[in-house]
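Let's start with one chain on its own, the form predicted on its own, as C-alpha coordinates.
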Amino acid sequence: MLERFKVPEADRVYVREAPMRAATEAIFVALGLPEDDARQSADVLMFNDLRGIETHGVSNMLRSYVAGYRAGTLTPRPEIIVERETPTTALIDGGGGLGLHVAPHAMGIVIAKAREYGMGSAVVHHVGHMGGAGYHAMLALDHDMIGVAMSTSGRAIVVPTWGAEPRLGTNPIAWAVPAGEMAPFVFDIGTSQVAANKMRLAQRVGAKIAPGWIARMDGTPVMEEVDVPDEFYLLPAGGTRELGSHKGYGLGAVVDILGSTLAGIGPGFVANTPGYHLAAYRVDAFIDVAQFKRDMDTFLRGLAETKPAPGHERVVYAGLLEAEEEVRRRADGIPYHTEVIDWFRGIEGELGLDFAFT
(Lines give C-alpha, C1' and ligand atoms only; values in the text may rest on other atoms or scores of the structure.)
Protein backbone atom coordinates (compact mmCIF):
# COMPACT_ATOMS: atom_id res chain seq x y z
CA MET A 1 0.00 0.00 0.00
CA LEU A 2 1.24 3.49 -0.81
CA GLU A 3 2.76 5.44 2.06
CA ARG A 4 0.13 8.18 1.75
CA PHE A 5 -2.57 5.74 2.86
CA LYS A 6 -0.80 4.34 5.93
CA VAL A 7 -1.97 5.33 9.39
CA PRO A 8 0.21 8.11 10.83
CA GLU A 9 2.32 6.90 13.75
CA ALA A 10 0.62 9.32 16.14
CA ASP A 11 -2.81 7.87 15.31
CA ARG A 12 -1.88 4.19 15.53
CA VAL A 13 -3.27 1.73 18.02
CA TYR A 14 -1.57 -1.66 17.75
CA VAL A 15 -3.87 -4.64 18.30
CA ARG A 16 -2.84 -8.28 18.21
CA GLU A 17 -4.52 -10.55 15.71
CA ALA A 18 -6.26 -12.82 18.22
CA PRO A 19 -8.37 -10.22 20.09
CA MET A 20 -9.32 -8.42 16.86
CA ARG A 21 -10.29 -11.73 15.26
CA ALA A 22 -12.39 -12.63 18.31
CA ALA A 23 -14.11 -9.23 18.29
CA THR A 24 -14.88 -9.51 14.57
CA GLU A 25 -16.30 -13.02 14.94
CA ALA A 26 -18.45 -11.84 17.86
CA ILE A 27 -19.91 -9.03 15.77
CA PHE A 28 -20.86 -11.42 12.96
CA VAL A 29 -22.45 -13.87 15.41
CA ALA A 30 -24.41 -11.02 17.01
CA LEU A 31 -25.71 -10.12 13.55
CA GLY A 32 -27.10 -13.63 13.11
CA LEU A 33 -24.39 -15.57 11.28
CA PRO A 34 -23.72 -19.18 12.27
CA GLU A 35 -20.42 -19.57 14.10
CA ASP A 36 -18.67 -21.30 11.18
CA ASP A 37 -19.66 -18.53 8.76
CA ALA A 38 -18.71 -15.86 11.30
CA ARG A 39 -15.32 -17.51 11.73
CA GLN A 40 -14.82 -17.72 7.96
CA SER A 41 -15.88 -14.11 7.45
CA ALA A 42 -13.54 -12.88 10.17
CA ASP A 43 -10.72 -14.88 8.60
CA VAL A 44 -11.02 -12.98 5.31
CA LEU A 45 -10.90 -9.60 7.08
CA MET A 46 -7.97 -10.58 9.28
CA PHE A 47 -6.09 -12.01 6.28
CA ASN A 48 -6.31 -8.58 4.67
CA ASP A 49 -5.32 -6.71 7.84
CA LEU A 50 -2.32 -8.97 8.43
CA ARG A 51 -1.09 -8.53 4.86
CA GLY A 52 -1.49 -4.75 4.97
CA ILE A 53 -4.51 -4.71 2.63
CA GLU A 54 -6.37 -2.32 4.90
CA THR A 55 -8.87 -1.26 2.25
CA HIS A 56 -10.49 -4.69 2.69
CA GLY A 57 -9.91 -5.31 6.39
CA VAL A 58 -12.00 -4.45 9.42
CA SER A 59 -11.20 -0.73 9.21
CA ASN A 60 -13.21 -0.08 6.08
CA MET A 61 -15.41 -3.06 5.41
CA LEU A 62 -16.79 -4.36 8.71
CA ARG A 63 -18.94 -1.30 9.35
CA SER A 64 -20.29 -1.60 5.80
CA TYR A 65 -21.27 -5.22 6.41
CA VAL A 66 -22.92 -4.32 9.73
CA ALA A 67 -24.98 -1.72 7.89
CA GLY A 68 -25.93 -4.27 5.23
CA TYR A 69 -27.18 -6.80 7.76
CA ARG A 70 -29.09 -4.14 9.67
CA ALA A 71 -30.69 -2.87 6.47
CA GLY A 72 -31.63 -6.38 5.39
CA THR A 73 -29.60 -6.26 2.17
CA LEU A 74 -27.42 -9.14 3.41
CA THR A 75 -28.80 -12.50 4.49
CA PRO A 76 -27.02 -13.89 7.58
CA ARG A 77 -28.01 -17.51 6.88
CA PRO A 78 -28.16 -17.83 3.09
CA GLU A 79 -29.24 -20.92 1.19
CA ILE A 80 -26.47 -21.49 -1.35
CA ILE A 81 -27.75 -23.37 -4.42
CA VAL A 82 -25.89 -24.84 -7.40
CA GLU A 83 -28.33 -23.97 -10.19
CA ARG A 84 -26.47 -25.38 -13.19
CA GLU A 85 -23.49 -27.72 -13.31
CA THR A 86 -21.11 -29.67 -15.54
CA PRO A 87 -18.13 -31.73 -14.40
CA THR A 88 -15.89 -28.62 -14.57
CA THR A 89 -18.29 -25.67 -14.13
CA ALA A 90 -21.05 -24.40 -11.88
CA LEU A 91 -23.55 -21.55 -11.70
CA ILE A 92 -24.20 -20.75 -8.04
CA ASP A 93 -26.91 -18.70 -6.31
CA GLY A 94 -25.30 -17.24 -3.21
CA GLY A 95 -28.61 -16.77 -1.42
CA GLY A 96 -27.98 -13.10 -0.73
CA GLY A 97 -25.14 -13.93 1.65
CA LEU A 98 -21.93 -12.05 2.24
CA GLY A 99 -19.11 -13.07 -0.08
CA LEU A 100 -16.70 -13.49 2.82
CA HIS A 101 -18.23 -16.91 3.46
CA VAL A 102 -20.11 -17.58 0.19
CA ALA A 103 -17.02 -17.20 -2.03
CA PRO A 104 -14.90 -19.73 -0.04
CA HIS A 105 -17.81 -22.18 -0.25
CA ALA A 106 -17.95 -21.69 -4.02
CA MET A 107 -14.17 -21.92 -4.28
CA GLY A 108 -14.37 -25.26 -2.51
CA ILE A 109 -16.64 -26.50 -5.29
CA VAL A 110 -14.21 -25.17 -7.89
CA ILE A 111 -11.20 -26.83 -6.23
CA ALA A 112 -13.03 -30.16 -6.01
CA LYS A 113 -13.75 -30.02 -9.75
CA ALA A 114 -10.14 -29.12 -10.53
CA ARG A 115 -8.90 -31.96 -8.33
CA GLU A 116 -10.90 -34.44 -10.40
CA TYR A 117 -10.71 -32.94 -13.87
CA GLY A 118 -7.66 -30.65 -13.85
CA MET A 119 -9.62 -27.40 -14.06
CA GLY A 120 -12.74 -25.98 -12.46
CA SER A 121 -14.66 -22.73 -12.57
CA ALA A 122 -17.83 -21.19 -11.21
CA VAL A 123 -19.83 -18.01 -11.47
CA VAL A 124 -21.81 -16.74 -8.49
CA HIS A 125 -24.74 -14.32 -8.36
CA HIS A 126 -27.19 -13.12 -5.69
CA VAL A 127 -24.29 -12.43 -3.36
CA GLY A 128 -22.72 -9.59 -1.38
CA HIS A 129 -19.24 -8.08 -1.36
CA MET A 130 -16.35 -10.52 -1.92
CA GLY A 131 -14.08 -8.93 0.67
CA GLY A 132 -10.85 -9.01 -1.32
CA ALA A 133 -10.22 -11.28 -4.31
CA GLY A 134 -6.73 -12.38 -3.23
CA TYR A 135 -7.96 -14.42 -0.26
CA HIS A 136 -10.20 -16.57 -2.43
CA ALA A 137 -7.62 -17.09 -5.16
CA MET A 138 -5.08 -18.17 -2.53
CA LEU A 139 -7.38 -20.94 -1.30
CA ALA A 140 -6.11 -22.95 -4.27
CA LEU A 141 -2.46 -22.79 -3.19
CA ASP A 142 -2.60 -25.50 -0.53
CA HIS A 143 -3.93 -27.87 -3.21
CA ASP A 144 -1.02 -27.20 -5.58
CA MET A 145 -3.33 -25.26 -7.84
CA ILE A 146 -3.36 -21.84 -9.45
CA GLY A 147 -6.35 -19.86 -8.21
CA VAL A 148 -8.32 -17.08 -9.87
CA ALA A 149 -10.98 -14.85 -8.33
CA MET A 150 -12.71 -11.83 -9.79
CA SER A 151 -15.80 -9.81 -8.94
CA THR A 152 -17.93 -7.08 -10.35
CA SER A 153 -18.45 -4.36 -7.79
CA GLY A 154 -22.17 -3.87 -7.49
CA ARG A 155 -22.29 -0.28 -8.70
CA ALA A 156 -20.75 1.65 -11.54
CA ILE A 157 -18.14 4.19 -10.43
CA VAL A 158 -15.44 3.88 -13.14
CA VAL A 159 -15.75 5.82 -16.39
CA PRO A 160 -14.60 4.16 -19.63
CA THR A 161 -11.71 5.79 -21.44
CA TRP A 162 -13.10 9.06 -22.91
CA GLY A 163 -16.42 8.44 -21.10
CA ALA A 164 -18.54 10.96 -19.17
CA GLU A 165 -20.67 8.32 -17.38
CA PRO A 166 -19.56 5.42 -15.16
CA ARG A 167 -20.04 2.01 -16.73
CA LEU A 168 -17.84 -0.29 -14.62
CA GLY A 169 -17.14 -1.04 -11.00
CA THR A 170 -13.60 -1.30 -9.66
CA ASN A 171 -13.93 -4.95 -10.76
CA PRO A 172 -11.02 -6.62 -8.95
CA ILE A 173 -9.16 -9.66 -10.21
CA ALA A 174 -6.64 -11.89 -8.44
CA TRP A 175 -4.31 -14.67 -9.51
CA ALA A 176 -2.48 -16.81 -6.95
CA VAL A 177 0.36 -19.12 -8.02
CA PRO A 178 2.22 -21.54 -5.72
CA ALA A 179 6.00 -21.58 -5.41
CA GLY A 180 8.51 -23.59 -3.43
CA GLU A 181 10.85 -21.55 -1.23
CA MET A 182 9.69 -18.12 -2.38
CA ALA A 183 6.51 -16.37 -1.23
CA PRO A 184 3.71 -17.24 -3.66
CA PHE A 185 2.89 -14.94 -6.53
CA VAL A 186 -0.37 -13.16 -5.67
CA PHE A 187 -1.53 -10.55 -8.17
CA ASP A 188 -4.56 -8.88 -6.59
CA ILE A 189 -5.73 -5.63 -8.17
CA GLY A 190 -8.72 -3.48 -8.91
CA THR A 191 -9.02 -2.58 -12.55
CA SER A 192 -9.57 1.08 -11.68
CA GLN A 193 -6.63 3.44 -11.23
CA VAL A 194 -7.17 3.35 -7.47
CA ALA A 195 -9.50 1.32 -5.25
CA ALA A 196 -12.66 3.10 -4.18
CA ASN A 197 -12.03 2.05 -0.57
CA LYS A 198 -8.75 3.95 -0.59
CA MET A 199 -10.81 7.15 -0.62
CA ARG A 200 -12.00 6.27 2.89
CA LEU A 201 -8.42 5.68 3.96
CA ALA A 202 -7.37 8.99 2.40
CA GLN A 203 -10.08 10.86 4.27
CA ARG A 204 -9.21 9.09 7.54
CA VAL A 205 -5.50 9.93 7.37
CA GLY A 206 -5.81 13.28 5.56
CA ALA A 207 -4.05 12.13 2.38
CA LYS A 208 -4.46 13.80 -1.00
CA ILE A 209 -5.47 12.12 -4.26
CA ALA A 210 -2.72 11.82 -6.87
CA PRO A 211 -3.10 13.15 -10.43
CA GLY A 212 -4.82 10.79 -12.83
CA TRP A 213 -6.75 8.80 -10.23
CA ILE A 214 -10.21 10.34 -10.48
CA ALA A 215 -12.42 12.21 -12.92
CA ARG A 216 -14.77 15.13 -12.51
CA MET A 217 -18.47 14.49 -12.91
CA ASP A 218 -18.21 15.27 -16.63
CA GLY A 219 -15.54 12.59 -17.09
CA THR A 220 -12.58 14.97 -17.28
CA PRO A 221 -9.50 13.42 -15.58
CA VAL A 222 -8.26 15.39 -12.58
CA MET A 223 -4.57 15.87 -13.33
CA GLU A 224 -3.50 17.69 -10.17
CA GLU A 225 -3.15 16.56 -6.55
CA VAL A 226 -6.37 17.28 -4.63
CA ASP A 227 -8.23 16.45 -1.45
CA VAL A 228 -10.92 13.79 -1.80
CA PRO A 229 -13.84 15.68 -3.40
CA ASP A 230 -17.47 15.19 -2.43
CA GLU A 231 -18.31 13.82 -5.88
CA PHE A 232 -16.05 12.07 -8.39
CA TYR A 233 -15.72 9.10 -10.69
CA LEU A 234 -12.76 6.74 -10.78
CA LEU A 235 -10.57 6.36 -13.85
CA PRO A 236 -9.56 2.97 -15.29
CA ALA A 237 -6.08 1.66 -14.49
CA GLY A 238 -3.73 3.80 -16.53
CA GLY A 239 -5.68 6.99 -15.88
CA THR A 240 -5.63 8.51 -19.36
CA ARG A 241 -5.47 7.03 -22.86
CA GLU A 242 -1.92 8.30 -23.28
CA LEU A 243 -0.88 6.35 -20.18
CA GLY A 244 -2.77 3.18 -21.10
CA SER A 245 -6.23 3.57 -19.57
CA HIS A 246 -7.66 1.48 -22.42
CA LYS A 247 -5.89 -1.49 -20.80
CA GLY A 248 -7.52 -1.02 -17.42
CA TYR A 249 -10.82 -0.31 -19.15
CA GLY A 250 -10.52 -3.56 -21.12
CA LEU A 251 -9.59 -5.62 -18.05
CA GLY A 252 -12.54 -4.17 -16.14
CA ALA A 253 -14.82 -5.10 -19.02
CA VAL A 254 -13.49 -8.68 -19.03
CA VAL A 255 -14.27 -9.02 -15.31
CA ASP A 256 -17.74 -7.62 -15.96
CA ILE A 257 -18.40 -10.14 -18.73
CA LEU A 258 -17.10 -13.17 -16.80
CA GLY A 259 -18.50 -12.18 -13.40
CA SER A 260 -21.79 -10.55 -14.29
CA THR A 261 -23.03 -11.29 -17.80
CA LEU A 262 -21.89 -14.94 -17.64
CA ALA A 263 -23.70 -15.24 -14.30
CA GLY A 264 -26.96 -14.25 -15.97
CA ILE A 265 -27.50 -10.96 -14.18
CA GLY A 266 -26.61 -8.77 -17.15
CA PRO A 267 -23.97 -6.04 -17.41
CA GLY A 268 -22.72 -4.73 -14.09
CA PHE A 269 -24.15 -1.24 -14.59
CA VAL A 270 -27.58 -2.83 -15.18
CA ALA A 271 -27.38 -5.49 -12.45
CA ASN A 272 -26.02 -3.13 -9.76
CA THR A 273 -25.12 -6.18 -7.67
CA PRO A 274 -21.91 -8.21 -7.48
CA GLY A 275 -21.17 -11.28 -9.56
CA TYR A 276 -18.12 -13.53 -9.19
CA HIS A 277 -15.97 -15.66 -11.45
CA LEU A 278 -13.77 -18.22 -9.70
CA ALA A 279 -11.36 -20.73 -11.22
CA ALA A 280 -8.64 -23.21 -10.31
CA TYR A 281 -5.99 -24.99 -12.39
CA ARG A 282 -4.39 -28.17 -11.00
CA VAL A 283 -0.68 -27.81 -11.69
CA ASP A 284 0.00 -31.51 -12.15
CA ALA A 285 -2.61 -31.66 -14.89
CA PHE A 286 0.00 -29.77 -16.92
CA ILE A 287 3.42 -30.40 -15.40
CA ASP A 288 5.13 -32.06 -12.44
CA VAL A 289 4.44 -29.98 -9.32
CA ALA A 290 8.02 -30.09 -8.03
CA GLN A 291 9.39 -28.88 -11.36
CA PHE A 292 6.77 -26.13 -11.53
CA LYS A 293 7.63 -24.87 -8.06
CA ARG A 294 11.36 -24.94 -8.80
CA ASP A 295 10.74 -22.92 -11.94
CA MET A 296 8.49 -20.51 -10.05
CA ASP A 297 11.25 -20.02 -7.46
CA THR A 298 13.72 -19.29 -10.25
CA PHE A 299 11.31 -16.81 -11.80
CA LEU A 300 10.35 -15.04 -8.58
CA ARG A 301 13.90 -14.98 -7.24
CA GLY A 302 15.02 -13.53 -10.54
CA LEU A 303 12.44 -10.76 -10.23
CA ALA A 304 13.33 -10.01 -6.62
CA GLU A 305 17.07 -9.97 -7.37
CA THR A 306 16.74 -7.63 -10.34
CA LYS A 307 19.16 -4.69 -10.09
CA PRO A 308 17.10 -1.71 -8.87
CA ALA A 309 16.92 1.54 -10.80
CA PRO A 310 18.55 4.65 -9.27
CA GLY A 311 16.65 5.91 -6.25
CA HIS A 312 15.10 2.54 -5.43
CA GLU A 313 16.29 -0.01 -2.89
CA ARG A 314 14.87 -3.20 -4.40
CA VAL A 315 12.60 -4.84 -6.91
CA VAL A 316 9.60 -6.80 -5.64
CA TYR A 317 6.89 -8.97 -7.20
CA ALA A 318 3.17 -9.28 -6.55
CA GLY A 319 2.59 -10.85 -3.13
CA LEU A 320 6.11 -10.43 -1.72
CA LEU A 321 5.55 -7.23 0.28
CA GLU A 322 2.28 -8.61 1.66
CA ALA A 323 3.99 -11.81 2.80
CA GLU A 324 6.69 -9.78 4.54
CA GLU A 325 4.12 -7.48 6.13
CA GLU A 326 2.23 -10.47 7.52
CA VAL A 327 5.35 -11.63 9.37
CA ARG A 328 5.79 -8.17 10.92
CA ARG A 329 2.16 -7.75 11.92
CA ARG A 330 1.91 -11.18 13.49
CA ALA A 331 4.90 -10.23 15.65
CA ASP A 332 4.12 -6.57 16.41
CA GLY A 333 0.35 -6.29 16.08
CA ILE A 334 -1.81 -4.57 13.48
CA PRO A 335 -1.74 -0.74 13.38
CA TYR A 336 -5.31 0.55 13.45
CA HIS A 337 -6.37 4.19 13.32
CA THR A 338 -7.83 5.56 16.55
CA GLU A 339 -11.05 6.26 14.65
CA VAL A 340 -11.38 2.55 13.91
CA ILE A 341 -10.94 1.61 17.55
CA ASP A 342 -13.56 4.23 18.47
CA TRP A 343 -15.96 2.57 16.02
CA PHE A 344 -15.34 -0.81 17.66
CA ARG A 345 -16.04 0.70 21.07
CA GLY A 346 -19.33 2.04 19.73
CA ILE A 347 -20.50 -1.21 18.14
CA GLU A 348 -19.36 -3.10 21.25
CA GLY A 349 -21.89 -1.14 23.30
CA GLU A 350 -24.62 -1.31 20.69
CA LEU A 351 -24.44 -5.12 20.44
CA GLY A 352 -23.76 -5.76 24.12
CA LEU A 353 -20.37 -7.34 23.50
CA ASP A 354 -17.06 -7.23 25.36
CA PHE A 355 -13.84 -6.82 23.37
CA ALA A 356 -10.55 -7.66 25.05
CA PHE A 357 -8.54 -5.03 23.16
CA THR A 358 -10.63 -2.09 24.38
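Quantities reported herein were computed from a predicted structural model and do not represent experimental measurements. Residue numbers here begin at 1 and follow the sequence given.
The same protein also exists as the form predicted together with a further copy of the same chain; that form is not shown, yet it is the one meant from here on.
Fill in: a further copy of the same chain contact in the model of the complex: residue 47, any heavy atom under 4.5 Å
So residue 47 does not count as contacting a further copy of the same chain.
Discussion item. Since only the chain is shown here, I'm wondering whether residue 232 would be in contact with a further copy of the same chain in the model of the complex (any heavy atom pair within 4.5 Å).
Written reply: Heavy-atom contact with a further copy of the same chain at 4.5 Å: absent for residue 232.
Discussion item. With the partner left out here, check for me: in the model of the complex, does some heavy atom of residue 69 sit within 4.5 Å of a further copy of the same chain?
Written reply: Judged by the heavy-atom cut-off of 4.5 Å, residue 69 is well away from a further copy of the same chain in the model of the complex.
Discussion item. Within 4.5 Å, heavy atoms only: does residue 137 come near a further copy of the same chain in the model of the complex?
Written reply: Residue 137: no, not in contact with a further copy of the same chain in the model of the complex.
Fill in: Per-stretch contact check against a further copy of the same chain in the model of the complex, the hit in 127-135, 199-207, 90-98, 72-80 (non-hydrogen atom, 4.5 angstroms)
Looking at the other structure, the answer is 90-98.
Worksheet item: Just one of 106, 156, 182, 258 has a heavy atom within 4.5 Å of a further copy of the same chain in the model of the complex. Which one?
Response: Checked against the cut-off, the match is 258.
Item to complete: Note which of 224, 142, 288, 227 lies within 4.5 Å of a further copy of the same chain in the model of the complex, where distance is taken over heavy atoms; exactly one does.
Response: Selected option: 288.
Worksheet item: Counting only heavy atoms, which residues in 313-329 are within 4.5 Å of a further copy of the same chain in the model of the complex?
Response: Sequence-ordered list: 314, 315, 316, 317.
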